[in-house]
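Below you will find one chain, with nothing else, as structure tokens; this is the form predicted on its own, and questions on how it binds or moves follow later.
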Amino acid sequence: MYLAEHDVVVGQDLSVGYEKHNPLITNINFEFKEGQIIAINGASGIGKTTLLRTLAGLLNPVKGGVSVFGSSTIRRGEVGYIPQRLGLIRHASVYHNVMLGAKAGHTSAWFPFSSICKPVSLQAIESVGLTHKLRTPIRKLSGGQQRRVAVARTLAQKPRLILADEFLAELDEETLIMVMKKVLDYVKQNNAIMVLVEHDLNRARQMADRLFTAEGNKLVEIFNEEDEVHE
């Protein structure tokens, strides 16, 4: 398999799905560069989440391959994933859940006593407006608050690649704008890459430098800011 440069994420002749002879999306080729925000839009059940899970290394490609920063193996801490179901520990506190993200991003640090992880976690929690819920168990939070914890966990990890599946769902408009800005600012300030699934086409256009739509079993690029600039 072709290994990309160390500052890009590449898919080469990539097909994703759960059945070898019946992939959901086929023959995908892309190169995502540092600092880019990529949105994927399309109907439910068409394979968008499956593509994210493949990029995260949770599923093997049906065909072809993925290279993340020059490697076909996902390296611990480099990829932050915000799934639809969030994957939070429900009996544990907001602080504990976010500390797990910080620990994943700082592999030399000992949990929970690290002088590195604690301030990073507190800063991430503050950035999504949940400092007042620091010791609250996840099960006692609303759906929108839980989603903000998942975002804080990823920000505390400080990944080079963020994969986000409907990460703004269940948020009221004011909170949505705040969380969206925090995440997009992180990507631009840290020269990271973000690939997000977003059902709202207008919101996807607002966030993304590049926009893809899943049609049938194909992934089609319908907007690229670089192309707009050069016209």
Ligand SMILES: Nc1ncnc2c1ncn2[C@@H]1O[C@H](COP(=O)(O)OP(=O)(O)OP(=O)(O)O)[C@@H](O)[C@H]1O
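Computed from a predicted model, the values in this text were never measured in an experiment. Note that residue numbering begins at 1 and tracks the sequence as displayed.
Keep in mind that the form predicted in complex with the named molecule is missing from the display, and what follows is about it.
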*asked:* Within 4.5 Å, heavy atoms only, which of V10, L24, M207, L14 is in contact with the named molecule in the predicted complex?
replied: L24
*Listed residue (S44, N29, N60, N202) with a non-hydrogen atom within 4.5 angstroms of the named molecule in the predicted complex*: S44
*Using a 4.5 Å heavy atom cut-off, which stretch among 31-39, 48-56, 175-183, 63-71 contacts the named molecule in the predicted complex?*
48-56
_I'd like to know if S93 sits close to the named molecule in the predicted complex, meaning any non-hydrogen atom pair within 4.5 angstroms._
no
*If you check in the predicted complex, is T131 within 4.5 Å of the named molecule, heavy atoms only?*
no
*Taking 4.5 angstroms as the cut-off for heavy atoms, does Q84 touch the named molecule in the predicted complex?*
yes
*Is E166 close to the named molecule in the predicted complex, meaning a heavy atom pair under 4.5 Å apart or at it?*
yes
